[in-house]
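Presented as structure tokens, the chain that follows is alone, the form predicted on its own.
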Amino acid sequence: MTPDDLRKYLEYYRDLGMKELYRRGHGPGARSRGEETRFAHNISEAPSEASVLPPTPGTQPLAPEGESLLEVLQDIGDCHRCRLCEGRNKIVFGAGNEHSPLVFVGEGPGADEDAQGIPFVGRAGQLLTQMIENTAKKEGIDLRREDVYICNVVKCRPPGNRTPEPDEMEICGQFLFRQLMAIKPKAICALGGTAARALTGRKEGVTKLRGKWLRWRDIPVMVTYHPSYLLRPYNQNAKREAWEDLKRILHFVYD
């Protein structure tokens, strides 16, 4: 890993609010398989390229080159890294085409997703499917839900569908990072404020961020409303705006 690569990794995790990174134990000092050891690097201030220290022996990149989604999933395992594991039924990793040029990122699983282990299968998920397929059809783009990749910032259902806490986003954020690095999409659609903050580090609300091209590393990001927000009957204007956002990202990716 070059110093510039490490700087970018640290900047990403700093934007998520992380203070320290963790890596799996290696060598004689590792006590048990899968146990995590502290990677002693404070990232409250992302270092400049000149200040990055060389990696210590045994340190591995946060997203190894050529890593597959299956390898990321295997690394998650039966995850107990944060409190969200306590009430979950299934880990909801992601679904769709792992070679898709377009990835949708939501907040976290709901009750239906927790039961099935698949993202966006409840009412909000059904609306997302309609949004993708109907918009694509109207725009003359041959695209179905299974052609894109869909995942969430956190992989376990927060109790009562609450917003994930910062530390939960920190821990799951490393796996979202690795998912996106494995897929390397042409563009990302952030669904809702939690996904927008995780991907861009921006603190503004969706109404201020939507419709603009932002970036995750070098990948364009379009922020739009979460489908669960669009299910509310008084959000007719938001539905029209989400449709416009989706048109823009579909044409950008598939034209």
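Sequential numbering from 1, following the sequence displayed. Keep in mind the model is a prediction, meaning the values are calculated, not measured.
Absent from the display: the form predicted in complex with uracil. The rest refers to it.
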property	result
Contact flag, G173 vs uracil in the model of the complex, heavy atom cut 4.5 Å	no
Contact label in the model of the complex: H226 to uracil, heavy atom within 4.5 Å	yes
G110, heavy atom within 4.5 angstroms of uracil in the model of the complex	yes
F120 within 4.5 Å of uracil in the model of the complex, heavy atoms	yes
Per-stretch contact check against uracil in the model of the complex, the hit in 132-140, 173-181, 80-88, 101-109 (non-hydrogen atom, 4.5 angstroms)	101-109
